[in-house]
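Below you'll find only one chain, the form predicted alone, shown as structure tokens.
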């Protein structure tokens, strides 16, 4: 799920960046350092929407670097247990498959795939129904439900299922257009 949050961060800036464009340099450094990162507490920072304030800098003794406290607004993505997401399958093996929903990688175990689907080996491993009408392979789009999350300091891992109503393949890359 996406949230709009106000966060704070201390930025360290080298003295060569001081001058008339100091604010722009701080905003660019903030975007470079923060966008695309993951904090276990808040989730993945998707984009910075506004910089609310830049505090007074504090000089670090001996180096000349200055630490600026910056308050900013951003959009974060954090998956929750029970949430239904659409994801793209990245890898299929006999244990299950991995899918990505934005920056989050989700593993769906073979026990959490419907019983009528069986693993097929070959040059393109996949899970196929007995009649061959539905196939899960790399680049397939699936709708899945998150049943568990594990949060580390810099990453979020999820376990999902497609063994529920209205879940499964949305778009098969091999289907005729």
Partner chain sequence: MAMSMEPFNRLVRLVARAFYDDITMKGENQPKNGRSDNRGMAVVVLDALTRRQWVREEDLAKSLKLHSKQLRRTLRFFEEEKLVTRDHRKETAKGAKIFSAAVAAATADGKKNPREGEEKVKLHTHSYCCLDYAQIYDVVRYRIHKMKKKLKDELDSRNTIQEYICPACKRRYSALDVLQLISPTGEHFVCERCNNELIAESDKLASQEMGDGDENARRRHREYLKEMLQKIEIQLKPLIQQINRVKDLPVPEFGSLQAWEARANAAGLLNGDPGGNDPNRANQGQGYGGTPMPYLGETKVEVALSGAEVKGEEDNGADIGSPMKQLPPWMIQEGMNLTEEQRRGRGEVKSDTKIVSSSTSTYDIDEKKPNDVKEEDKSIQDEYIKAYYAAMVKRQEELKMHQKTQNELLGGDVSNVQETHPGRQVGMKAKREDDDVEWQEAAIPAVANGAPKVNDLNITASESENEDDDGVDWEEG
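Nothing here was measured: the structure is a model prediction, and the numbers come from that model. Numbering follows the first chain given and starts at 1.
Omitted here: the form predicted in complex with its partner chain. The next part is about that form.
J.: Given that the partner is absent here, state which listed stretch (66-74, 107-115, 51-59, 133-141) has heavy atoms within 4.5 Å of its partner chain in the predicted bound form.
T.: Comparing against its partner chain in the predicted bound form, the contact stretch is 107-115.
J.: State yes or no: in the predicted bound form, is some non-hydrogen atom of residue 18 no more than 4.5 angstroms from a non-hydrogen atom of its partner chain?
T.: Heavy-atom contact with its partner chain at 4.5 Å: absent for residue 18.
J.: Can residue 39 be called a contact residue for its partner chain in the predicted bound form at 4.5 Å between heavy atoms?
T.: Residue 39: no contact with its partner chain in the predicted bound form.
J.: Are any of the heavy atoms in residue 147 no more than 4.5 Å from a heavy atom of its partner chain in the predicted bound form?
T.: Residue 147: yes, in contact with its partner chain in the predicted bound form.
J.: State yes or no: in the predicted bound form, is some non-hydrogen atom of residue 88 no more than 4.5 angstroms from a non-hydrogen atom of its partner chain?
T.: No.
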